[in-house]
Each structure stands twice: as C-alpha cells, then as structure tokens.
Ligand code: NAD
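As structure tokens, one chain now follows by itself in the form predicted on its own.
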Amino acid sequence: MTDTALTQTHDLVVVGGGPGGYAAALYGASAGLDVAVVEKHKVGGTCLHVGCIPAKELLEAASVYRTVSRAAEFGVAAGEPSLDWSAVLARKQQVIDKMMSGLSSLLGQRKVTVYAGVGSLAGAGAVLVSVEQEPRQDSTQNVTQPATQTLSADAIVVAAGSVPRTIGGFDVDGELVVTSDELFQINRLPQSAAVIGGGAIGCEFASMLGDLGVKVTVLEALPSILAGCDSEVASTVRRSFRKRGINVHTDVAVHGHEPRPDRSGTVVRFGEGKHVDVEMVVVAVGRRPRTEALGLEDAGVEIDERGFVTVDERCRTTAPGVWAVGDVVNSPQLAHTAFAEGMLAVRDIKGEPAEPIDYHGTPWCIYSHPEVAFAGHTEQSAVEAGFEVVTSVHRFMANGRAQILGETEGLVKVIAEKQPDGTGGRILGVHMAGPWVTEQLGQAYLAVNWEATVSEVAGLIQPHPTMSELFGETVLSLTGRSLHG
C-alpha cells in the first residue's frame, strides 16, 4: 500500500528544478516566500546535465584540441595532440557535479525545500509528489520521504522543461542513433557521424565532432543552416565548416537508415536518392515541451496544439494561481530566457510591477566554431517590419587581437534605422560570427534593448586591442565617418 504523507504547505511550489524552476525558487526565496521545488532527477535540469553545460564543456575540449594542433604556428613545439575521450567525459562530469553541488547548497541556504519525485497538479493550489522508487532517507534533513505526498500553495510555477524531439525512421538506441541526451555519455567517439538538423544544437555538435577528428555530415531540411540567423552570419559558419571538412547538405529530407549487419554503422538515406555511410547518427532537431503526465489540462491549464502551455505576457496560465516558465512555454528555449521568466513570475505572484519580457531583444549565443551571437532584427526582418535600414559589416581579419589569436574568421554586422542623410539612427540589430563573440555580445545587446542610436554608441571609447572594438568600428562607420574601415 502506498504511503501518503500529510499535506505540506508553502507559499510557492515550483514543479521542475531546471533554470526556470530554480530561478523562480531562488528569486522567490530572496523575496521572502516559503518555496518548495519538486524535481524528478537532479536540480539543474536539461541545461546543467544534458544541455548547455556539457555541450560547452565538450566544445571547449575541442577548442583546446584545435589550439594544440596549431601550437607550432606560435612557436610552441607541442607535437600532434591525442585525445583521451574518457578524460574528456570525466572533466565534463566534474564540472556538472561541482555546479550541481553549488546550486544545491544555494537552495539550502535560501531555505528552499526540495522534494524528489514527479510533480503533478492535483486541484486548486495543490501539487501531488510521486516518488518512483522506495521511500528514501533524506541525508540533508534526516527524514524519510514517503512515496506520495501533497503540497499546498497559493502559487504554483510549472517549469517541467523539455526533452529532445525525435523523427520517424530513427529510433533512438543510444548507440547507432543518439540525441543530445545520449551523445554526452557515449563511451567512444565515432569515426564518422551524420548530424540531422543544422540549427544551433546541430551546428554545435557538428563543430565539436569535426574538430575532434570525426568525419561529419550535416543534413538540414531548410534551405540554410542556422535558420533565423542573419544570412551573412550563417554563410560564414557554413564556409568554415566546408574548410574543416564538415559536409553540409541543406534543403534535404531524411528517409531513414539501414544498419550494417554487425551494427558497426548505418547508411542514412536523404534527399533524392542520396545516402551517407556513418558510424553514428545524431538527431538534433530541437526539443519539445515536457507537459504530459502533469495533470495540467485537468487543472484548467490550456495546452496548445504543439504541446506548449498557453501563458499571457506575465507567464500566467489559464488556471488561477498557476504560472509556467521555461521550455514548457512557447518562447525561446534558452536558459537565460527561463531565468527571466522565473523572476517575472515571482514578481507577478508578489503583486509587484512586472514588465513583460521583450523576446525580440533576446540575446542568442551559439558556441560552434566560429561562434555566433546576436540580438534584435536581422536585415531581412527589419525590412519586413517596415524599417528603412542601413547596415555596416566589419570583418575580424582586420582586427589586431583576432590576428594575434590567429582567429580572423568572422564578422560583425550592425543594422540601424536609416536617417534622411543616409547615416544610421537607432540600432535595430547586431549579428556576429567569430572568435569569442558570445562574450562580446553584451554591449550590443544593451545597445539594441536600450534603443541606443549610432551616434550615442559611436561616441563611446572602445578598448584596444580587443576583439570587441570591432563592434565600435562597425557602429562608427554608420555615422558617415570611420577610422580603419
């Protein structure tokens, strides 16, 4: 018989311990709320365990490998590098474990109660916590958690996250066919791989695998990789891939695969009668919201036709007292967006002024080589929105710091509203591809979201020699005058 505990009462119960969930919990606790988090696995969610952090850790390993391979260019006799994949995975896990430990400690310091189990809505103001294993001893609180218990709260935030999308004809088995969840755990690197999907996730995986010596083929159904990025940025990445031997096929559909008899690899069929023979298939076609088995619809929470929770501009669902944030809602599936949504929900719960999030100005970062970063309009979207625009592009090949690093591939593109004299007015968008542009986006993001003008930004001093000064040069040229370009 299932053991059931008495109802526990909190001010706020958060279902899911990923970025959106733990942001709501930490922010809510700092605002004086008694907060509980229900998490099925480990706090940190997709981002920490099978997303942002492990992906960037493996990309960094690839960067180090690439750098050592070029050491002789800098007069350093390092020799030909070799790769210890088990050590790469071990370091990745060390980073994850350290960050999870820090997050758990922070939740404890804020007196957030964490319940291990699956949370589902159980009527107005109630969350049912079901534990999928035998009751366990909580080493931090020295109490036994029962198999089922009910949590009561005036406010509930649903932050259950997402899972990888899959496609027909490619059943995930963790060996021949993997998603991001399995890729981070493979016991050896394949010699060849097909990456299905040329979006942000697919390009990061393709870049990482290619730099580590895997022969990679990218298969993308759309006419271009990195759809949604500025076309010049996407073209820059594709050229880099081609130079590094990463084959990219766009505007092609995949039709399934035929494993070798010994399962040492498989033949992927795509396009019009084309195929590629690889050791592994990586399915990277995005993620879908994890909204099933949460009792949402029974509780009056509306789900749209794609499985996302319907919310208003303050993350309120259609059920009173229930908010939703992160990957379960139809907004950019980014950890930092989830952070912002979690904080917005708490401000609304507290009855405080809560400005809606401007998703148009969201900062985007893609950690392929070269990196991609952008905020605001592309040139095409600005024109479609009715703006008359003027643009400027400067390339890293002329940047001193980039030359010192030996990383001159890439560009900075600024889109501004055109003034009557032909110069730039308000900055509408900034798009970058190149070395460490994910770390350079900050000033561009602020310029776009504060609706700064070209003349305002051009009047600021940029440090030299830095890669970030290329943004300043690009903006300066839109005033009608320039220095180096």
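In this text, all values refer to a predicted model and were calculated from it rather than measured experimentally. Throughout, we count residues from 1 along the sequence that is shown.
Form predicted in complex with the named molecule: not shown, discussed below.
Under a 4.5 angstroms non-hydrogen atom cutoff, the named molecule in the predicted bound form lacks Gly210 among its neighbouring residues. Contact check for Arg287: a heavy atom falls within 4.5 Å of the named molecule in the predicted bound form. Proximity of Glu204 to the named molecule in the predicted bound form: non-hydrogen atoms within 4.5 Å are present. Using a 4.5 angstroms threshold between heavy atoms, Gln333 counts as touching the named molecule in the predicted bound form. In short, of 213 to 221, 273 to 281, 314 to 322, 339 to 347 it is 213 to 221 that has heavy atoms within 4.5 Å of the named molecule in the predicted bound form. Note on contacts: among Leu151, Cys229, Val248, Val254, the single residue with a heavy atom within 4.5 Å of the named molecule in the predicted bound form is Val254. Only one of Ala200, Leu183, Val114, Leu121 lies close to the named molecule in the predicted bound form, with a heavy atom inside 4.5 Å, and it is Ala200. Residues Trp364, Cys365, Ile366, Tyr367 of 337 to 373 are found to place at least one heavy atom within 4.5 Å of the named molecule in the predicted bound form.
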